[in-house]
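In structure tokens, one chain follows: the form predicted on its own.
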Amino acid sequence: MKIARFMMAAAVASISTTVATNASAESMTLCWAAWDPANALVELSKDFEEKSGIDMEFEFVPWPNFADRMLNELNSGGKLCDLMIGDSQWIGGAAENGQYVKLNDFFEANGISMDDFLPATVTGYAEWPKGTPNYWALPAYADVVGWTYRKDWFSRPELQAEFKQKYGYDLDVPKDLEQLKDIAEFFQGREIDGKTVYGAAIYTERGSEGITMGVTNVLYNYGFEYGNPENPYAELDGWVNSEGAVKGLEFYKELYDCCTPPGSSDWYMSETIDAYKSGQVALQMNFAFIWPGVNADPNVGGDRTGYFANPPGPAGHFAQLGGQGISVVANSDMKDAALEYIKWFAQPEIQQRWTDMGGASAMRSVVEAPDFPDKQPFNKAFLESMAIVKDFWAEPAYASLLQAMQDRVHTYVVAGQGTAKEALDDLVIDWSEIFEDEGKL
């Protein structure tokens, strides 16, 4: 899923950032979120404009409004966007509602192989139905939830000695989730350089997708499943609310209760970034897209920060997928030009430049190159993370499925109401009702 924050209102006024070249008879618009990688794509796309003679316009919408703005555009049959870099969760609805162009024939005719991209990104960003060779997007921006930590704090001899005496092992990158909680607990309320610091900044936001994008990094590793893989809609009971899943949800609440900063009951990406960069926490949960900015930060960057993949739990080793694919909008009057852009973007040399300029290619020739792990201090953690990804529902009804999980999990973890088992039992009921309404049962 992504990094889009899903505001559930039917329509939310959004302020978009439009970047345009000199308009001509041959121009088309690419729609995405307003953030640094989008600015890099503007620069990268100048190569396409020069080679194709087609002018590019860009409609960039701030993340808090992005999903509503663009889903409204797709659902209304609008013609603003010719190309869409949309969330992975949109694939099901966009495919079934005829909003994206199916790309199989185009890929085959132009020698574009999905084998050239990381398998998880193909499944996450391009396929519908999942697990079938039906493609509605090209992987565009690879992302995943991981962790940053205060490497400079971890290396202090006095803290190393105290930690070893208390927990019986070295203060280092956690080997599992239990060790991560130990570390967070160790730093909670500690004074460092005259300032009170806290253990971990984690996702707790309720209004869009935040707490779901956080808690799944624990639930997956305790045995949570979205349903019986052999009967995914009808058999949720015993999978969503398994004994392991209940323990995982309890763990996330324990981590929130013991080891997070005061006032962190509604935090998502920006709040955890702020907490980490301001020196409040030893550990930060966040999507990998933030890592370049952390590395360059004057207060916590360079050797002061380390990066690691989400740690394993007792039942597995997974991390929540983020990122997006790029699709051709079916209602576009510029479909041929949009397909030409896809062909250009899929070239290995363009994918390499995309990563060099601040994007995040999912092309294997880029990220599996021998020198890639050492190019940036976070690249190794990125590769390890992308190898263990798992994603939320990509059903056409994903927004309702997401809202139900946000509700149930936040009510238990943050509000402290009921038990973990009751929360997941109720989630099974919610999801079953949604799938019944969708005709899946």
Partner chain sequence: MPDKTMDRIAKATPPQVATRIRGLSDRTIAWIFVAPTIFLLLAINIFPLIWTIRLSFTNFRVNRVNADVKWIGLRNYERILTDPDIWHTMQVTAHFLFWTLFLQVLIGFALAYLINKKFRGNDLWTTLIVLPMMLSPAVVGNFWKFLYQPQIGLFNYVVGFFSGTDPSSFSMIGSIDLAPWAIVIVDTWMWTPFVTLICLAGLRSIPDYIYEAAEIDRASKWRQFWTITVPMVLPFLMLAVLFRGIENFKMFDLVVQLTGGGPGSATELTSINLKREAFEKWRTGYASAYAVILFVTIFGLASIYVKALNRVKER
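Positions refer to the first chain, counted from 1. Everything numeric in this text was worked out from a predicted model, so none of it was measured.
Below: the form predicted together with the partner chain, not depicted.
Site annotation in the model of the complex: the residue of 376, 411, 39, 27 reaching within 4.5 Å of the partner chain with a heavy atom is 411. Contact with the partner chain in the model of the complex, defined as a heavy atom within 4.5 Å, holds for exactly one of 277, 150, 206, 181, namely 206. Looking at the partner chain in the model of the complex, residues 185, 213 and 284 place no heavy atom within 4.5 Å of it. Residue contact with the partner chain in the model of the complex: residue 391 places no heavy atom within 4.5 Å of it. Heavy atoms of residue 123 never reach within 4.5 Å of the partner chain in the model of the complex, leaving it off the interface. The partner chain is not shown here, but in the model of the complex it comes within 4.5 Å of a heavy atom of residue 263. Contact between residue 419 and the partner chain in the model of the complex is not found at the 4.5 Å heavy atom cutoff. The chain is drawn here without the partner chain; in the model of the complex, the stretch among 214-222, 264-272, 343-351, 241-249 whose residues come within 4.5 Å of it by any heavy atom is 264-272. Shown here without the partner chain, the chain has 396, 397, 399, 400, 403, 407, 408, 410, 411, 414, 415, 417 in 393-421 lying with a heavy atom within 4.5 Å of that partner in the model of the complex.
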